[in-house]
Structures are given as C-alpha cells and as structure tokens.
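Only one chain is included here, represented as structure tokens and corresponding to the form predicted alone.
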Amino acid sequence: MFYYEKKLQYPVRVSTCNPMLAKFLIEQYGGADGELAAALRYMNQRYTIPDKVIGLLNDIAMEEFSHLEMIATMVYKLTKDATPEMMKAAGLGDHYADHDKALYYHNAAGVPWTATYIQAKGDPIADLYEDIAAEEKARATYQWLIDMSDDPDINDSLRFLREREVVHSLRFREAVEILKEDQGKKKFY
C-alpha cells in the first residue's frame, strides 16, 4: 500500500532558467544509476529477499520514488521558461523535438531508460551488494552534478539527495551483516 503526501521530501528551489543543468540532471531521472532504476530495482528485489530485510528494501524504494519526483521538479523548473533556442543550445534539441519540455526517461546523453538497468540475481547477499554499489554510484553522480552547478538553490537539494544515498548505502551494509549472521546459524526443524 502506498501513501502519497502532496509535498516534496525536501524543498526544490531554482535560481534561474538553466536547460544545460537540466540536461545533466536528467541522468538521475532516467540513467542507469538514477532514481527510477533504483526504485524499481529495490521493489523487484524485495520479493526474493529474506523477511528480516524486506521492509528496508520497500522503504528505500519508496524514498527513491520521492527522489525521482524531486529530480523531475528540478528539471521542470530549470526548463519551463527556456526557449527552443535555449533547449537546442543546451543539447536538448532532440529531446525538445520529440517531447517539447515534457519529462522523458533517458540519461544525459539521450539514451532511453531500459529495464536492463534493474539488477536482481535472487541471491540476497549478491543483490544487497549490487544495491550498495548502486547507491555509491548515485552518490558520486550527485557530487559531480554539484561540481558542475553554479545554482546554490539546486545545489542545496542535490546535497540532500547525495546524503540520502550515503544513508541508503549504510542501511544496505547493515542488511548484509544481518543476513550473513543468519547464514552462519544452525537450522533446527
């Protein structure tokens, strides 16, 4: 069951129209290590993970959806006042030709999102290590986006998202330890 609260997890403010920055942020919208891929990966994996950590995957998946909403809001705000010429100059001419300013799941290079971004092995430890790697890749991408941005308002939201990736990585590491501990226990029937 899902509950939607009609507010963003963290405020998103934008200083100025900047379609070039929006182009880079789209990486976290529809890229391999972005928020959509993470949310769907964790939702999918929760069906084959031991009961002790199902809640963790569900909780983080829901939070990733809220991060997706934040990224979408940033991209929208950065492009809503852009002219077609500005979109073209920012490298979003192809996107504009296909979608106007509508959001579309693709990465910063324009490659459409694909389900091949979702990893699920069925082995809980392997899946959790994949999740840790995904969170660390997202953290690194957020840092690089901050490095490229000169918008202090956007950077505030990006720092929030980067820190949440760190928290998720730590939570997945804790889940690995819980499951490793269970592996070593004798089972009595």
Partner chain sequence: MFSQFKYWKPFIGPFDPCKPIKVKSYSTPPHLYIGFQPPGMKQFSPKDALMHGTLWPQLYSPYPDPNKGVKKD
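Numbering follows the first chain given and starts at 1. Being a predicted model, the structure only gives us computed values, none of them experimental.
Beyond the structure shown, there is the form predicted in complex with the partner chain, which is absent from this document and is the topic of what follows.
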Residue within 4.5 Å of the partner chain in the predicted bound form by heavy atom, from Ala82, Ala108, Ala90, Leu103, is Ala82
Look at the candidate spot formed by Met43, Arg46 and Ala120 and say whether the partner chain comes within 4.5 Å of a heavy atom in all three of them in the predicted bound form. no
- Message: At 4.5 Å between heavy atoms, is Lys180 in contact with the partner chain in the predicted bound form?
- Response: no
Should Leu170 be counted as a contact of the partner chain in the predicted bound form, where contact means heavy atoms within 4.5 Å? no
Subject >> Contact flag, Cys17 vs the partner chain in the predicted bound form, heavy atom cut 4.5 Å >> reply: yes
query: Applying a 4.5 Å heavy atom distance criterion, does Leu78 contact the partner chain in the predicted bound form?
result: yes
